[in-house]
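This document starts with two versions of one protein chain, written out as structure tokens and named structure 1 and structure 2.
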Structure 1
């Protein structure tokens, strides 16, 4: 049988996924030194694959390498928060304008589908499950909108900024998802966004998108200050 269930994934690639997840989830603090001995123990891997994974994360700016002095988790700061969200909002605005120019009927349908799935979340057992489900569907909704631009490379660049922002966004998620009031506001913003998009009002839609994406900034600033991360 050639249908082997184990495609034998390269250990470096697995190490990459696990490390990325642990960094964005805050298992490793910003600025923290990533000791090879610790990582070896935690993931049960040799140094080689770990160095490979770390090299990739350096390229994605989630980890910084200091020559001959090992690796550290990239630091977080209020300045980076502001710039990262601004850059992302501007880029997403551009992508949305292009999507409105270039998107077809299937694109519109996909947006409506994802918006519906997002707005109707029920039957969740635990708060953590709510967070996971809402987050997944929220991402899917925004990705559906962006995909209309039909440019793989713009979408790739969008992904890259998204990965960098994820650590900050994670701080915001807990504050938002567990507040019925905040959740309701998001619901309204999304509905308004969909409406303007379907009317193909590019300029207005881009403005709304930029504004929508900037709303978490004050909240995250507050959380970071409170926790002394700034």
Structure 2
């Protein structure tokens, strides 16, 4: 039984990962109908794993079920952008305050290690690889900070908000990662944030974190307006 279910489960996970990535990266546009025939051809998978992946993405609000047999990519809006980013910033500020209260020396060391990795110059072969590497390191840096709160439930809510904001965040990523000037601003923000965190100035750090997480909103708003997504 286990032998049979494991490959099916792996196919479902693969379908979910690939489809989520393509929706996030804009391969499938907001409101676009997700035709099963096209998905089968693109991913080389059967209907079962694809339905499983689509159901999971409906739960994450990235896909909308339009009938028993149909799915569309969820729409995007400036109202949702503002609400998601505000919720995320407020939660991250709270989590950081708790992390400063509860975090130990190992937590501080992990933040420093991740900040160092993020600030290093990357040797990459393509723009997409640059985006992927920087994004992975950036997430690891913020996750290291949040982990100090030591609350699995808060971290789960945080992860859910990150999933929902991913499509919007990706619009900001492409504008930021390929601009040396924008990257340098982020490096400065991260360095200032680390300094205040290590000084254990909880209220100041939380204010800075909220401000830091809201900086993408005007950039994303401009991109959405330019592309007719707003």
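If you superpose the two forms and keep the largest set of C-alpha atoms that fall within 1.5 Å, you have the rigid core. Positions refer to the first chain, counted from 1. Bear in mind the structure is a predicted one, so any value in this text is a computation, not a measurement.
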* Structure fact -> In this pair, it is the form predicted alone that is given as structure 2
* Structure fact -> After superposing on the rigid core, the Cα of residue 67 moves between the two structures by an amount in angstrom of 2.8
